[in-house]
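Next up: a single chain in structure tokens, the form predicted on its own.
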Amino acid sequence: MLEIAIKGSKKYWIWIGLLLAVMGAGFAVYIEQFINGLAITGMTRDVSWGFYIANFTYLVGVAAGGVMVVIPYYLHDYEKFHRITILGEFLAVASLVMCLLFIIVDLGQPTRALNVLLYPTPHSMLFWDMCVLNGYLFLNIIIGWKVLEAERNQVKPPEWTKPLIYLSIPFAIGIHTVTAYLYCGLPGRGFWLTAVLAPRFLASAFAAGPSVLILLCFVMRKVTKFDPGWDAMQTLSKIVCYALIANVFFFLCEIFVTYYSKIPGHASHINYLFFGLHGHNALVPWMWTSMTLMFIGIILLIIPALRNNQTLLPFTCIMIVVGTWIDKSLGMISGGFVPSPLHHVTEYAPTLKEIIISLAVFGKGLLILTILFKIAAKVKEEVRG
């Protein structure tokens, strides 16, 4: 099926060329980072995780969100998801590749990643994060490819894929749960020290992942002859709505505990994000924008007439993607580091070089996603034809 990827229109190759150009520019900047270290980034001693880890955290959620089509289709025979399940699995593949690349660029020296393999430490969450991320990646590659290949040949998928499909479901939950444990397992960071962090991560994942998938379905309908199905997209939008409500509810629970308990160490992080602290307020407009977008997204999705509007739905999904990205990436990472455990306020902002390297990682993910989706669309068109 790989031969499908090397056949395309002029627009297809222009898009591939653009992605390669972005990747090339980012790689050139990364060489500078490889030589000079993370000094080219905006990270400091007080804020040691920045734009790279912020995007990593968000993309883990996008990858985990794919389980929202896997569970209904494979476990409950929800036939409406037949066309889009493979898209959810391939979205998870591209997202996980970007996750791993963001970890590599965040390490400064990529060879440091080998320490997890050469010196495994099972009591470390990093070790388990490596296991679940790579495990879920390979599961989706094998399942997605074999199921699509069987569909092209109009035969049933091999029986040995069924256990892998069932295994991928706890892996999907696990990748974001373990990622949440990376944060809430650090007792010195009051903002992350909460048992509700993992459920909050999963709720945002089940809102963001399907939102991205809906947007990709609209793109597929525009640039290919493959129609993922409006009914499936409508069901996904309902999942997004309820997940987003859960995400906002968990956040409001955090607000209640923070201010009702009157623990200064917890309240200082929320105050910094939403009201500023000691004259530092760089993230205040971002966080209020995030909350506004998520609340508007809930309203637009909870009202059937607005949710069923095919013109309005993609804009609603864009608002939800942007809102959850700000909340989960910028807010979650910077909010955990500012102020520091010593009550120092050192604000963080990514540098231009940091952003260019990140764009290269996104370019790599989009390249993989483009190729996989092109193959999937072509096979679907052949089978229907």
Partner chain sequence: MKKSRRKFLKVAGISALGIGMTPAITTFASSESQGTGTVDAVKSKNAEVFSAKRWGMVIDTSKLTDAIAANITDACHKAHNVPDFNHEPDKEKFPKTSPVNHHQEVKWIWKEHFEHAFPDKEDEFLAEKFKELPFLVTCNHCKNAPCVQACPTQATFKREDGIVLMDFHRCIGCRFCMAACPFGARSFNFRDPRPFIEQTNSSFPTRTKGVVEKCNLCAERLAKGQQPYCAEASQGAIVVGDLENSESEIRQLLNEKYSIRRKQELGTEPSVYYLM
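Residue numbers count along the first chain shown, from 1. Note that the structure is a prediction, hence the values are computed from the model and not measured.
There is another form of the same protein, the form predicted together with its partner chain; it is not shown, and what comes next is about it.
Against its partner chain in the predicted bound form, would R221 count as a contact residue? Criterion: heavy atoms within 4.5 Å.
Close contact is absent here: in the predicted bound form, R221 is far from its partner chain, nothing within 4.5 Å, heavy atoms only.
Contact with its partner chain in the predicted bound form for L330, defined as at least one heavy atom pair within 4.5 Å: yes or no?
So L330 does not count as contacting its partner chain.
Can N115 be called a contact residue for its partner chain in the predicted bound form at 4.5 Å between heavy atoms?
Close contact exists here: in the predicted bound form, N115 approaches its partner chain to within 4.5 Å, heavy atoms only.
Using a 4.5 Å heavy atom cut-off, state whether R189 contacts its partner chain in the predicted bound form.
Because a heavy atom of R189 falls inside 4.5 Å of its partner chain in the predicted bound form, the answer is yes.
Scan G276, P158, G108, P170 and let me know which has any heavy atom within 4.5 Å of its partner chain in the predicted bound form.
If I apply the 4.5 Å criterion carefully, the residue I get is G108.
Exactly one residue in V29, M43, V70, V322 has a non-hydrogen atom within 4.5 Å of its partner chain in the predicted bound form; which is it?
Only one listed residue qualifies here, and that residue is M43.
Heavy atoms within 4.5 Å of its partner chain in the predicted bound form: which stretch in 339 to 347, 54 to 62, 355 to 363, 322 to 330 meets that?
So the stretch in question is 339 to 347.
Within 4.5 Å of its partner chain in the predicted bound form, do we find a heavy atom from each of L38, S48 and C131?
Checking in the predicted bound form: L38, S48 and C131 are all within 4.5 Å of its partner chain.
Residue by residue through 116 to 154, which ones have a non-hydrogen atom no more than 4.5 angstroms from its partner chain in the predicted bound form?
In sequence order, V116, L117, L118, Y119, P120, T121, P122, H123, S124, M125, L126, F127, C131 come within 4.5 Å of the partner.
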